[in-house]
Ligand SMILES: CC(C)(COP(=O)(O)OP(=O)(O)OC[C@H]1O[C@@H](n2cnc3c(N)ncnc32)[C@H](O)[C@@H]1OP(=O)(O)O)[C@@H](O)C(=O)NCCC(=O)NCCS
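Given next, in structure tokens, is a single chain: the form predicted alone.
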Amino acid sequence: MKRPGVLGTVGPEDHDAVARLLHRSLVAWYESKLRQGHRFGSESEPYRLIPQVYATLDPGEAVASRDEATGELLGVCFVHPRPTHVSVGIVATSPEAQGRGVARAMLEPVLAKAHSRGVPVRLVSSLLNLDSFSLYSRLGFVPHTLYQDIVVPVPAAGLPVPPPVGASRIRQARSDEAPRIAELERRLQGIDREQDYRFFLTNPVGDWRVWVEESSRGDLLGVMVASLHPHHGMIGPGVAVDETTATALLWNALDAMRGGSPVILAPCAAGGLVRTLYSWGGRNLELHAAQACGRIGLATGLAFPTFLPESA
């Protein structure tokens, strides 16, 4: 068996190669397993945004695997160290490198570094890909929350149903509110991602919007982020104290994405919210599981992960 490759980092000169690898990996897997490779388009250029976002958000943290002889990129693993945890993002290997242990080789040093800090590693993975699910299980990851991937086509005129309760109380977040938003997430979910919210609010790469809701006393009740980039329309990350707040936030995010078909990762346990999304025209695409390797605290409220940047 060939060796998994030599580990290194990802630099700006690698962004085109990373985009090609991500595109080829997604198309190959979804086409071979589900006959759905077309979901990811025919060009790799839109995927260049992914390494660009991570080079800005977490410079030097991505792990790359390269062929010892040719230097060809075999795999990439995006990593997001935070004060309370380490988040693992996309883990992709080239179709030709499947079965060489590339993904495991990239993940092991990430786990070792997190364990040396005494923090858990968190990720969100597809439940359709049992190969990756099995790998994460062998490495010690345990699922804790299930999500339905729901795509909601939004007509150009907006959703054809009345706004939900609380929709009028939603506003766009101010540029100085990252500490306040991060504190809400710490209180509800036990994780600290102020760095991420500063990124969304300053908008250095991509096209991000952030909405919040406050109580009558001025307490923050929820936050929702959305990517309005034409190639990466996605809602999340977000967190809310309850389904009512989450529904109002999602309504406003969807209204800002008229003519698009954004994807929402909705907690399976939030049955009322899921049924509301169905009534708005949503339909299921996939299932994902939030997993952790290491001890995590008990979370409250509702969390909404995303794929760019990945959040768990």
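Note that residue numbering follows the sequence shown and begins at 1. Bear in mind the structure is a predicted one, so any value in this text is a computation, not a measurement.
Only in words, not in the display: the form predicted in complex with the ligand, which the text now covers.
- For the candidate set I191, I181, V91, A226, a heavy atom within 4.5 Å of the ligand in the model of the complex is found for exactly one residue, namely V91.
- Here is the short version: of V121, I235, C77, V102, the single residue with a heavy atom within 4.5 Å of the ligand in the model of the complex is V102.
- Not one of D149, S261 and T306 is positioned with any heavy atom within 4.5 Å of the ligand in the model of the complex.
- Heavy atoms within 4.5 Å of the ligand in the model of the complex map, among the stretches 132-140, 162-170, 210-218, 193-201, onto 132-140 alone.
- When the ligand is considered in the model of the complex, Q98 lines it closely, a heavy atom lying within 4.5 Å.
- Among residues of the shown chain, A55 is not one whose heavy atoms approach the ligand to within 4.5 Å in the model of the complex.
- Proximity of A270 to the ligand in the model of the complex: non-hydrogen atoms within 4.5 Å are absent; the residue sits far from the partner.
- The ligand is not shown here, but in the model of the complex it comes within 4.5 Å of a heavy atom of L26.
- Interface residues of 240-267, taken as those with a heavy atom within 4.5 Å of the ligand in the model of the complex (partner not displayed), are absent.
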